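Just one chain is shown here, as structure tokens, and it is the form predicted alone.
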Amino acid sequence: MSSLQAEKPNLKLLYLRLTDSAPLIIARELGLFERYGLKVELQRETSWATLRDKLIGGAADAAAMLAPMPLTLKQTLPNCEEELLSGLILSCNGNGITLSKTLYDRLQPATDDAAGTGAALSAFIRARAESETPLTFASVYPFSSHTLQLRHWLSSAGINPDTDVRLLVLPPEQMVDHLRRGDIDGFCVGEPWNTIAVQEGIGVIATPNNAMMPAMPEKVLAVTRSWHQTNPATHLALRAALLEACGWLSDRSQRRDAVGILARPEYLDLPEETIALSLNDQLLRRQDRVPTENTGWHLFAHPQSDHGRPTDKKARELLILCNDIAPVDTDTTQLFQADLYQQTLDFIRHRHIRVAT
């Protein structure tokens, strides 16, 4: 069906054990990669730093990556001569901030929303003796949407994220274990790890992050610039397959089928009832509550929306937020390539017209 001649039809793609890895998994299961002349192997990684290093080192062709990572590569790897770029935002949102059940019970917030829980946490910290060990919270990568969202929530409550608490980095799938052991008092992580902490009775979701920052870019399809220059047709085919997968996931009636696929041992290897909640926009804030509607917890790219377009404006907004963590080079917005996204849309539309006639 595709008129593309991929320079490299056999590819390896990297992803983490997260619900919003769905576009890669669904594209494979629906045969969308094959539709565009590609044979794709998916490889699951544990940490974002490992995924980043393998992609830069050429151990893989592309990856589902945190949106700020390509933009801040110079800050995290200053001696790296390679660049990472993206022509497709795969998804927006998908994260949450969870506190340990032990800490939450001590807070006794007046309301259980983001503001109420934040106010109670702020009062709790102010009442602690200076000699006590600061509360510890984890996010998944220094320059990540998770760190930005966690800092935003703390700051909104009047808590200085640099001096009032301790922040550290952990791989997503290790968050729940660290919370269970009491190593940390809370975390900001992608789904389904917030839901798992609640279902196990060891965590309470303070807020889903789409309630604070709606439609924040979360995962992008990232490749190195050198790989893109060598394989432009392959890259286009890959973007087209994944954009079609994102469009399939945007239809919420399809997500029931997606849950069963994602849960399988070769992908996320987690219970369907855990994955189903956030993927179906259901928020289980506490174990003793019933789930409530949380529209837009996972927003996937779609040709009829702007969620998937990696624009200069979106890159600049992320960099401004990152600059609050540490000084960053703000001259990297061109690594979000809206022209490649538009090329993908034009290709899909042209192919559909040509096939139809």
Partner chain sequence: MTTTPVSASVSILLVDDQTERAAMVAAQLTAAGYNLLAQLSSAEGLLFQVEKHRPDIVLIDIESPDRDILESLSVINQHNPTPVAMFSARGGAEFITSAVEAGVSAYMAEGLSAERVAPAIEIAMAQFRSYQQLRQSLQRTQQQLDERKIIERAKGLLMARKNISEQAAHQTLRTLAMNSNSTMRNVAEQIVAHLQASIR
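Residue numbers count along the first chain shown, from 1. Quick caveat, the model's predicted, so the values are computed rather than measured.
Below, we turn to the form predicted together with the partner chain, even though it does not appear here.
Residue among D53, E317, E29, D329 with a heavy atom within 4.5 Å of the partner chain in the model of the complex
Residue within 4.5 Å of the partner: D53.
Select from the listed residues F187, F143, W193, W153 the one whose heavy atoms reach within 4.5 Å of the partner chain in the model of the complex.
Filtering the options by heavy-atom distance leaves F143.
Within 4.5 angstroms, counting heavy atoms, which one of the listed stretches 238-246, 252-260, 117-125, 80-88 is next to the partner chain in the model of the complex?
Among the listed stretches, the partner-contacting one is 80-88.
Answer yes if any heavy atom of R166 is within 4.5 Å of a heavy atom of the partner chain in the model of the complex; otherwise answer no.
So R166 counts as contacting the partner chain.
Could you confirm whether D61 comes within 4.5 Å of the partner chain in the model of the complex, counting heavy atoms only?
Contact with the partner chain, no.
Can D177 be called a contact residue for the partner chain in the model of the complex at 4.5 Å between heavy atoms?
No, D177 is distant from the partner.
Do S305 and the partner chain come within 4.5 Å of each other in the model of the complex, heavy atoms counted?
Answer no; every heavy atom of S305 is more than 4.5 Å from the partner chain in the model of the complex.
Using a 4.5 Å cut-off on heavy atoms, what residues in 22-46 are near the partner chain in the model of the complex?
Stretch hits, in order: E45, T46.
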